[in-house]
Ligand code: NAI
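Let's start with one chain on its own, the form predicted on its own, as structure tokens.
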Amino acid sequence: MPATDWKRTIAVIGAGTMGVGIAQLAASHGHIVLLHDVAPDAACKAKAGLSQRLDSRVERGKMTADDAKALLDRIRPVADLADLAEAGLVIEAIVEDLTVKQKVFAELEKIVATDAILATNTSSISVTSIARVLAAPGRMVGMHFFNPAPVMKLVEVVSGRATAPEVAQTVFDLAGNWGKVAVHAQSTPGFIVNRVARPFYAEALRLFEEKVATPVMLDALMTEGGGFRMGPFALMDLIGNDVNYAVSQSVFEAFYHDPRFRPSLAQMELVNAGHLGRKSGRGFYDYAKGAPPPVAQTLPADPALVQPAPIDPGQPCVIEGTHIIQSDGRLAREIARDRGAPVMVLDLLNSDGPAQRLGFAISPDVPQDVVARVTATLQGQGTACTPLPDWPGLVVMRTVAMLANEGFEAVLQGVASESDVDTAMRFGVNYPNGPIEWAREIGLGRVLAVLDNLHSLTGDPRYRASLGLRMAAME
């Protein structure tokens, strides 16, 4: 069984950005780190680059010169895999290629001690498949860091079908000792974060394709209304549309073309055009020097029209005969027919922080003076208003419902617990709330209604509600 004395030497294979980041993290917690890369001198060059970055931290007063030197002294570049024999834990961070990873681990198993743990930092390849070539597959585990490894808090500890529980727990505890927030996950496509996060991009792209709003409007609603740190389009441009699209394709194929993970034709066209985002100078946005910054539309509001009573977007009310309600996935005109009254449908607002922007849609019979009064009152409360077409689920509500749905599906399939799903999304991609806890705050019945109404209106199976969500809503 694995040794629990983690003062033993740790090896890192792969001296790219992720590998050297993991090496820095381990060395900063007192471990001797053997850094290996198949490319000649790559490990030495990576250490030299790290030295420059640490010098910068010293200059800025972020660490002392002695601490920087001690950290670097603990990182030892090695030329051959055979030099890793003393490692109690080996973390692989090389190319995402199953055959290459299998070859490396098959060689490693013959080199390291029988109680050494073999960990892969893969973000997309089955841990079970990597471990298949090992004589003792129980000591293989996923240890998925997020970039940059020294900064990002989350580590997904991924168990393959053969991973020994004590191996997963040892790595889980080690990550905690390194100051990380660790979660347990089973080896399935995308693990937790890359799976549950797909609707964040997919729904934004779908709304863009449906001409509901521009990228800047959708980003503004998600950040200023939903509380997300970055909007989906700005984030895709930062990641690289080629990278984001490739991940979407990979997950789609891994789930046997399940419509929930269908990639976007609009993003494919951007990739085909070479509009990859920041790195190419153009993506959904123009990053050329002197390009005007995109500006989200805000409906003008007359302060003289502010209502005496405040408006709570989460609570229904009636103003001059117009019903003001939160979206349940139906069209405003549909709700108006059912109620026999004009309807103004409001998008979801994140209640955990200041809500700065709110999208809304109206049925055709809503008087414009009511719209003016509502928007003036909300703006007086600090919330800008953005008109949207009468569209199912609007923007933030539709996206959060889909994120929650994927979270419940992951729990249903035994990928992770509810708490680990929520923790992973908060610390792995900095979501303002875990999607499952957010859905419970909104009300599982409303979230389920949004999905059922989207499914009914669009006929698109991507909106089918998870049985896990449906059962939870019945509790």
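Computed from a predicted structure; not experimentally measured. So that there is no doubt, residue numbering starts at 1 and follows the sequence shown.
Same protein, other form: the form predicted in complex with this ligand, not shown, and the subject of what follows.
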- Message: If contact means a heavy atom within 4.5 Å, which one of 177 to 185, 91 to 99, 164 to 172, 228 to 236 is the stretch that engages this ligand in the model of the complex?
- Response: 91 to 99
- Task: Using heavy atoms and a 4.5 Å cut-off, decide whether 203, 398 and 430 all contact this ligand in the model of the complex.
- Result: no
- Is residue 123 one of the residues lying within 4.5 Å of this ligand in the model of the complex, judged by heavy atom distances? yes
- Query: Would residue 15 count as a contact of this ligand in the model of the complex, using a 4.5 angstroms cut-off between non-hydrogen atoms?
  - Reply: yes
- Query: Taking the shortest heavy atom distance, is residue 144 within 4.5 Å of this ligand in the model of the complex?
  - Reply: yes
- Query: Taking 4.5 angstroms as the cut-off for heavy atoms, does residue 39 touch this ligand in the model of the complex?
  - Reply: yes
- Option touching this ligand, based on a heavy atom within 4.5 Å in the model of the complex, out of 87, 193, 104, 336: 104
